[in-house]
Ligand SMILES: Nc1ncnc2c1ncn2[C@@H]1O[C@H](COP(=O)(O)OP(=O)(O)OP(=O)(O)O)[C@@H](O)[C@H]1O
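Presented as structure tokens, the chain that follows is alone, the form predicted alone.
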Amino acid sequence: MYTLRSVLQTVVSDDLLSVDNLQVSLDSRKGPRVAILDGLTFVVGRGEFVSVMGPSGCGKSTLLNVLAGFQKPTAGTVVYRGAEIGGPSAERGVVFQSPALFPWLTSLGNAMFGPLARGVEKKQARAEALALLHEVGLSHATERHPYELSGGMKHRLALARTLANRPELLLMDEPFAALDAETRFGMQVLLLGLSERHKMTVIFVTHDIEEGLLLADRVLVLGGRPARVRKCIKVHAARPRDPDIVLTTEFVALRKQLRALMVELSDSGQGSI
């Protein structure tokens, strides 16, 4: 039986990522620099799945860009595997809302691209790419180009292409937002299986409350101007995670609690510019 409850954030042992007093300010065309993130402090343990939620414009994507190494913090530290993040790395894979596939490459070519660029021998890269394409349900489409794939297939290919680099940390920025409900649910189930089989550490940005709770071990809720961590919700549910958990009384109550918090933050104008 599933039990779900909300608790204060606790330190996770065997930390993979540590964020301490993170601050990010950006230039503004209308005047002085604008503070987007201020005082974010949290840790992520190895193998943990963390959803990040908050009102539109509160800095969720900015946070992910910092963790990916695409953007430098204004102040504070972001430590990955004991060293400060200095730039992008294949160890920290990123999946965006748009699949952004290489249109001139087949599905197999897209999945092999990263390993080949890192110097992996072609035979090995091909074998690993084929295994991943099979795992995401694209064995029948290895020689198809992106324009020949459906929306859901493109997202599965984008996920396989990222996983081909064997990232220890997977950063996902609303990757299923543009999909229809049925395809989105299929992607959620796929991601649950992949993250549990491969023991991946995942930070997943989403606006969908049910999605965030279904997938995560913890939900970080951002809000404010500038944004801070307003609440950390722990999801106590067994893994492998049964998607039918969304039908339980405990899940419905937690979803209601999180929705009320999101409405409160939105109504108080706690999004950022």
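Because the structure is predicted, anything quoted here is derived from the model rather than measured. Residue numbers here begin at 1 and follow the sequence given.
Keep in mind the form predicted together with the ligand is missing from the figure; the text below concerns it.
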Using a 4.5 Å heavy atom cut-off, which of 231-239, 244-252, 59-67, 43-51 contacts the ligand in the predicted bound form? 59-67
Since exactly one of E128, E168, E174, E135 fits, which has a heavy atom within 4.5 Å of the ligand in the predicted bound form? E174
Quick one: does P55 come within 4.5 Å of the ligand in the predicted bound form, counting heavy atoms only? yes
Does I209 make contact with the ligand in the predicted bound form, using a 4.5 Å heavy atom cut-off? no
Consider I36 of the chain shown here, and say whether it contacts the ligand in the predicted bound form, taking contact as heavy atoms within 4.5 Å. yes
